[in-house]
Each structure stands twice: as structure tokens, then as C-alpha cells.
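Shown below, as C-alpha cells, is a lone chain in the form predicted alone; questions about how it binds or moves come after it.
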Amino acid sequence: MTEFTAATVYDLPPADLVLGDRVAGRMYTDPAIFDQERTKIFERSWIWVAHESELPKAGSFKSTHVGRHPVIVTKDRKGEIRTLVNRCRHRGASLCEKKTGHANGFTCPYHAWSYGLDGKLRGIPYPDGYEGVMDKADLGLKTLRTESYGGMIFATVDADAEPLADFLGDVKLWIDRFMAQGGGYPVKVLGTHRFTYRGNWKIQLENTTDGYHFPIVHRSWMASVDAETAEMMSFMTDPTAVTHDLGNGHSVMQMVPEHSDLEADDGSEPLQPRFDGLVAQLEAAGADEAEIRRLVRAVHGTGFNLNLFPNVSMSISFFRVLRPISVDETVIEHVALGSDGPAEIVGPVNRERLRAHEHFQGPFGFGTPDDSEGWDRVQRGAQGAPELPIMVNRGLGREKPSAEGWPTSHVTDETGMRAAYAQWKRMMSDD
């Protein structure tokens, strides 16, 4: 084990900056490490790019990024989902600047080279200059490997990456449980809130598996909700609230264990009186008692945060997606989720979910501004005393295997962070 000192911390290779119980603050501040991360992590991992509900029909698209690569995720005419590098094969201009939409294909605004939804080059203006020079079949858009599980679409730059199913491993069980919050209907994206903070991406990666901060940073949110909701989120001394290391840098933090599997309902838990109005609306719409119970119990989402290394968490009732911009700048997207079903049923449910989303995650909510202040402060503080490590040792002494064999500790412990940094160390060690 190599200890950090002020004399050595800037000379050690990145992989030596992660120890079992601490990491070096230089990992938040060194531009050279950030450049390596983009290649070794964001261009070799499976990166979450979209949810299938964002591509409802042929021609639907979403523009986003995989590492440094701007990409367009499309559903082609045969229903196949593809991830196309957003770069014209002629002179490199971006083809699409819209975040989402519907198109028959993509045409470069510079010289009008046009491409199909499958990325094939379809047309070139004034083609006579290219006779005998090139074959259009060789100049389709670069396409990334794209696979999905449970409606979650991932892409990777690495053609030799392991299959997505293997990368997810035991995460698949938790994705299945997360999607049960549709209450018997598919889950769909309702909208996205996007913002930037002045800090390194790993600070946010830690946050979604950090139960320790919740009652401290989010005191104002706890004071703003009804007593039953506050009680539900009072997990600090609940021994059944735990965090599991699921492998490959993934982890799950169970804050409300009784809501981890929404399909497991013995009927003993009363619905909260605050939802009486929603129940009345669903009864008027013709929903039966069992359906009302499934939908209302799922309004708050599942009782866990599922952290998928490196760029997305499935956090109770929404997705939190991170995109590193520079060593000290990160874009976050909060993606609100709801049920996709008959409007008279899911309409009132989704309105209730959106109000809850706005209350915590929205730009005027109680939760996100408080988190953002913490992330900014970590970045500023990490500039000082570089020999002092960032501690991720909480709960190390009480971490034990679960019945499934997952390293497990209390929900306030830093098991999820250690899992993510172990994966970071492995990937940054690869040449």
C-alpha cells in the first residue's frame, strides 16, 4: 500500500491514488487524470444513453455523448436502436444539434451529405466529382455497439467490450425491481432537468451512494414533507437499510427496504392519507383496489438508489445522469419518470410523481440545490493540502457478505463508493 505524501502525491500513477479506505484528492483536480478517464473509462465502459420510451417510434432520436463522442441514438425503420457518431463523414460537421425529436434521416448543413436512420450514406449533392474516388457504402456514420436491458439503452466505443448483460451482472435483478414502479404499466420518461456544477464527476458518482449525508444536507427537505414521508426516509438507525456492492463498480443503496420490491406486498401497509385525493381520482377512473394500491405505493418510486458505474443512477423515482465536461465541470440530467398507460389512470399518478420530483430534484426544489452546494465545496476544498486523502472508510469494519455474496454494510456506510473506486482503479490500471 502506498501512502500519499505532499512530495509523492503528484508523482504516483493514477491507479496508486486509490487505496482500500481512501482516495487522493488529486483525482478531482488533475486534468491529466481526467483525460485518461475519458479514454480508459468513458470510452471502454457501457455508457447509458437513453431509455426506450424516449424512442417511441421509427425516426425518434436523442442526441447525447459517449465519452468525447457526440452521438445520436436513433430507432431506424426496422425498429432497431442504433448509436451513431454525430459527425459527417465528409468534413466532420455535426449533423444534429437538437436534443430529441423525430426525423427521416440526418443531413449535414454544410454540404448536404444525407444519412438514413441506420447511418448509411444516402445522398451526395453534385456527385459527379466523386466518380471513381469513393464508394458511398464505405462512408456511413460510425456506429457504436448498442445493447439494452430492461428498457435501459447503453452504448460503448469499445468493440471488444464484454456483453452488456455480463457487465450488469447482478444489477439486472435491481433494474427489474426499479421498473416495477410503473405500477403494472411500462415506465416512461416524463421530462428532463439539466444543470451544471463546478466540480469533478466522481463527486456526484459518490453522492448517489452516500446515505450518510442525507439527514444532514437535506434537513430542509425533511422539514418540508409530511411526517409519514419524513419517517419513511429516517433510515440512519434502521439496521435493515443496507448498501450492497454488486460488482463492476455498481452498487445499490436500500434506504426503504420494505419498498425495494414493490411486487412484494402483503397488504398490511396502509396507503398514506396524503394520497386520498389521488385514490379518489383513480376510483372515479375505474381502477380497481389492487391497481390503485400498486400505483399509489409506487408514487415515491422504489426504496433504493441503484448506482451504475460510471454515468447513471436509478435513484428512487428518477434517473440521474452525469456527463464530465472537464476536470472541474460536470453536467447533470435529472430524468423524471412515470407510468405509460391510459391517460385517465396514469395522468393523475404522473402529476403526483412530477410534483414530488419538483419538490426534491427540480431547480426550485429542496434537495438538488443543497447537494450542489456540497459538490462545489468538495471541489474547492480538494485543492488544499494534497497529502490529505478523501476518506471512504465508513463501515469498512462492519462490511460482510450478504446471503447473495454481495459485500454489504449499513446504508450510511461507504461500501458503494469503495465499489466504484475499485472499478476505477482496475480500469485506470489498464493500458
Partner chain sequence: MTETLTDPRVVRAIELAWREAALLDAKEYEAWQGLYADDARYVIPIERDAEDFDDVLNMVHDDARMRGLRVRRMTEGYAIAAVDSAITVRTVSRFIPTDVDDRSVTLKAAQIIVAYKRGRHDLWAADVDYVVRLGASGDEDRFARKVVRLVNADEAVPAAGFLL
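Everything quoted here is computed from the prediction, not taken from an experiment. Residue numbers count along the first chain shown, from 1.
Just so it is clear, the following notes concern the form predicted together with its partner chain, a form of the same protein that is not shown.
For the residues R87, K120, R82, H193, the 4.5 Å heavy atom test against its partner chain in the predicted complex is passed only by H193. Of the candidates H250, H357, K75, R320, H357 is the one whose heavy atoms come within 4.5 Å of its partner chain in the predicted complex; the others do not. Residues within 4.5 angstroms of its partner chain in the predicted complex, judged by any non-hydrogen atom, belong to 357-365 and to none of the other stretches in 178-186, 124-132, 357-365, 229-237. When contacts are judged by a 4.5 Å heavy atom cut-off, A336 counts as touching its partner chain in the predicted complex. For the chain shown alone, G374 is a contact residue for its partner chain in the predicted complex, at least one non-hydrogen atom being within 4.5 angstroms.
None of the heavy atoms of R68 is located within 4.5 Å of its partner chain in the predicted complex. The closest heavy atom approach of A223 to its partner chain in the predicted complex falls within 4.5 Å. Residues of 74-105 placing a heavy atom within 4.5 Å of its partner chain in the predicted complex: K99 alone.
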